[in-house]
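There is one chain below, alone, in structure tokens, taken in the form predicted on its own.
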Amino acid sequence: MLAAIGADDVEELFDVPDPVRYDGTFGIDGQSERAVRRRLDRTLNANADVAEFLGRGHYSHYVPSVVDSLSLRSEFITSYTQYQPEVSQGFLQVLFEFQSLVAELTGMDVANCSMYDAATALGEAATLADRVRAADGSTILVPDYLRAERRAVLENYADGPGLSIREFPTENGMVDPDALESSLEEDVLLVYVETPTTDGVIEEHLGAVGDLLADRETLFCLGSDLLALSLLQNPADVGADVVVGNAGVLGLPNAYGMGIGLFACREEFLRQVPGRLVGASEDADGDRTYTLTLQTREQHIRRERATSNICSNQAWVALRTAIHAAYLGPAGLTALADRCTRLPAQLAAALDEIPGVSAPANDAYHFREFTAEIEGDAEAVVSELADRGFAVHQRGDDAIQVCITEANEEHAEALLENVREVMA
């Protein structure tokens, strides 16, 4: 084979540049397959087996087996990105259904095929605001509860076009409309608000935020997720211009890494949407067909006019999300979302009866998760709970955060019993 392509040896075939070439040895002794399997089993068995009550952007929901069965069909699996000439009508239809699902749940006119995650979707919303708004400035206004990881991604996005990030204060985990209005200077391009927040608080002042921004050159960007949007206020009805967030709450097990974002906006920003949009049409015989309609990236249009370098991103994951949502249907989605409000309320009430625990810390309705104040050393409480097989978040010196869904509710009584013993 080397002779056929005119190379003398493997070194010439790969031609690895010296600056990135590794000439050392890895020092790994060869082992049999059985030995490797035994070693892997020992390593995996060393993992902590704990009941997780963790959230803050990563949520576990039961994924029905039909999602695996359909999404793993060979028709949907390829080893590389599918572009227009190769992508099947079936896959395009699924992506169209995903877009339709996002558009319906957000009330927005336009939704794209998916984003990498909620953080990159927020970054794209910021750069979109920079392109479409005529405000005399470059400030992105975010709440003080924005997660550090999400803010770090936003700062990376903002660095290129020279945008600046500024925080506005919140009260009781929600927007204080008066404080937000005081922060609204003429240089603000976009205001970002979440519901539910990463503390699990359901925002009650979305309408007030929409009213504040209605007559300004400032975009209203709302962060949420598809399951929460099945139950909470419709973003379009409260004046949101762009909706971003996490779509991976459906169709994906919790992997603490891989995700899928959503991005939807008003029609006037159609040609500024990052990524790809699938449209429906008719072929020469009058049959319904699907096609990649808009791809505003530099591979398809001039670099100067490209809106983003986002391309196919999470198409297969969007497929899983669409299957899960279709399986649940409208009634199933709202029933599951309703459960995500009842379970944290019940657990918080039970924790609040334990001496030394005050829950929830925010006097608000919650979705999936809440913060509880702890009398004493929160780090010690979290550590002892972990030793007993329960994982919760530590929030500062005197608070913990607990997330509960249908995926871990069976462990709630055991968690309560162990918190009582730890706090005694």
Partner chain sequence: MQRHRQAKWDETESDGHEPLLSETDLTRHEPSDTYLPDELTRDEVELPSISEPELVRHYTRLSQMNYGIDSGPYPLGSCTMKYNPKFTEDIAGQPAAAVHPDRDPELAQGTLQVYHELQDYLSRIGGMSAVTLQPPAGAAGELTGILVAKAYHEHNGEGDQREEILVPASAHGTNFASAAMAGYDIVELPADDDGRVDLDALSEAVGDSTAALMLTNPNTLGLFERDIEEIATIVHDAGGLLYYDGANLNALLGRARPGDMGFDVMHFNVHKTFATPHGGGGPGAGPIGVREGLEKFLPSPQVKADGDEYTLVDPDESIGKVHGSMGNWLVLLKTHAYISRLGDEGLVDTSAKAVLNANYLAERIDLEVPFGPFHHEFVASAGETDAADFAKAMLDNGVHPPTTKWPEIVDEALMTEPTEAESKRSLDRLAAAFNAVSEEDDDAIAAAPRMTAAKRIDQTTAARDPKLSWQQLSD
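Residue numbers count along the first chain shown, from 1. The term rigid core refers to the maximal set of C-alpha atoms that superpose within 1.5 Å between the two forms. All values derive from a computational prediction rather than experimental measurement.
One more form of this protein, predicted in complex with its partner chain, exists but is not displayed; see below.
In the predicted complex, its partner chain lies farther than 4.5 Å from every heavy atom of Y192.
Although the partner is absent here, S138 sits far enough away that none of its heavy atoms falls within 4.5 Å of its partner chain in the predicted complex. For the chain shown alone, T291 is a contact residue for its partner chain in the predicted complex, at least one non-hydrogen atom being within 4.5 angstroms. Its partner chain in the predicted complex is not approached by D215, whose heavy atoms all lie more than 4.5 angstroms from it. Across the proposed site, S183, E384 and T405 without exception lack any heavy atom within 4.5 Å of its partner chain in the predicted complex. Screening 239-247, 216-224, 334-342, 175-183 for residues having heavy atoms within 4.5 Å of its partner chain in the predicted complex returns a single hit, 334-342. Distance criterion of 4.5 Å from any heavy atom to its partner chain in the predicted complex singles out A326 from the list V132, I165, A350, A326. In the predicted complex, the residues of 1-22 lying within 4.5 Å of its partner chain by at least one heavy atom are, in order, M1, L2, A4, I5, V10, E11, L13, F14, D15, V16, P17, P19, V20, R21, Y22. With the core superposed, L44 shows a C-alpha displacement of at least 2 Å between the shown form and the other one.
Relative to the superposed core, D8 undergoes a Cα shift of 2 Å or more between the shown form and the other one. Q31 shows a C-alpha shift of 2 Å or greater between the shown form and the other one [criterion: core-superposed Cα displacement of 2 Å]. In comparison with the shown form, the Cα-Cα distance of V153 and V20 increases by at least 3 angstroms in the predicted complex.
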